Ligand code: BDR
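As a starting point, one isolated chain is supplied in structure tokens, in the form predicted alone.
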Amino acid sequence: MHKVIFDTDPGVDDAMALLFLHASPEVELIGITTTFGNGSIETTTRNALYLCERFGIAAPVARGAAAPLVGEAGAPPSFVHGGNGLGDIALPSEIARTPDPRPAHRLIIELVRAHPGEVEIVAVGRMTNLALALRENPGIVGLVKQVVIMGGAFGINGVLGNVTPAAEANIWGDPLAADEVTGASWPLTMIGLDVTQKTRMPTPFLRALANEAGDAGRFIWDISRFYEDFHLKGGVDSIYVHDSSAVAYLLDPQLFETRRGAIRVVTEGIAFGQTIQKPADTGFPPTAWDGRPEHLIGTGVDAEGLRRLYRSTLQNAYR
């Protein structure tokens, strides 16, 4: 069993990843922490509470960071996820579920300390909550089983950022937090655009989910209409599988090829938010990567295997 904290900013693809986690019989979801990103912190927390209420997810939901460690939060990308973050589907005016009283970073600390060596963190938004947890209690590093991040772009096969030519959105939203998180010595894997853009869910795949995966499948179809339209306008004929790729790595890392090395994140200048790995087998003169822990990044993926895993997991849970 994977004992998981899901750090998220729902978000269409975040919602799809959350349902993926909830559907897996191998996952015990012990906490959900929200952050700003695809919406304001008010929007992303409401969406997380709504998803838990609608789909019977019992994990506590803790409201997290509303802004990066330094500076202000940028405007949410409503042109990607809709004004309400969930593809502008109709949402109830009131939600019965309420957030946990603890701030997100403290919930992370307390859950990790309560389950030493067991907790796996899947982080698919800004890294601010994780950085705040590290600042308050750096001792958790040795207690976390692993961290899986959806974020970054490392230039594998020419893949660039999606906010600037240098930066992917989750990292660009708080590069200082990302640099601190990748500077910690916990086991960490970054699943970036280099692999998430290689896996796509075309319209027939999403329609099959709507027909075969019950209420969850129909919900995914509904929220993905806006998201798919954004991709189509950008010349992509199907949706990229970003956040669910991080969940797939957690469940079946054999679907991925990886490379090990120290990671740095650019925190100022024209390349603000860029993620750069120094491969472990490559020698350089002294650099800012020296003394940093070595982590894994995704460099390749079995896209068809990932789609099969997603589809079968949801079919078996929600049909």
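The structure presented is a predicted model; accordingly, all values stated were derived computationally and were not measured. The first residue of the shown sequence is 1; numbering continues from there.
Beyond the structure shown, there is the form predicted in complex with the ligand, which is absent from this document and is the topic of what follows.
The partner is absent here; in the model of the complex, the one residue of 239, 193, 209, 119 having a heavy atom within 4.5 Å of the ligand is 193. Between the options 148, 220, 169, 144, the residue in contact with the ligand in the model of the complex by a heavy atom within 4.5 angstroms is 169. Only one listed stretch (240 to 248, 90 to 98, 212 to 220, 103 to 111) carries heavy atoms within 4.5 Å of the ligand in the model of the complex, and that stretch is 240 to 248.
At the 4.5 Å threshold, heavy atoms of residue 38 reach the ligand in the model of the complex. Shown alone here, residue 86 lies farther than 4.5 Å from the ligand in the model of the complex, counting heavy atoms only. The closest heavy atom approach of residue 164 to the ligand in the model of the complex falls outside 4.5 Å. Residue contact check for residue 124: one or more of its heavy atoms lie within 4.5 Å of the ligand in the model of the complex. If you take 1 to 36 and check each residue for a heavy atom within 4.5 Å of the ligand in the model of the complex, you get 9, 13, 14, in sequence order.
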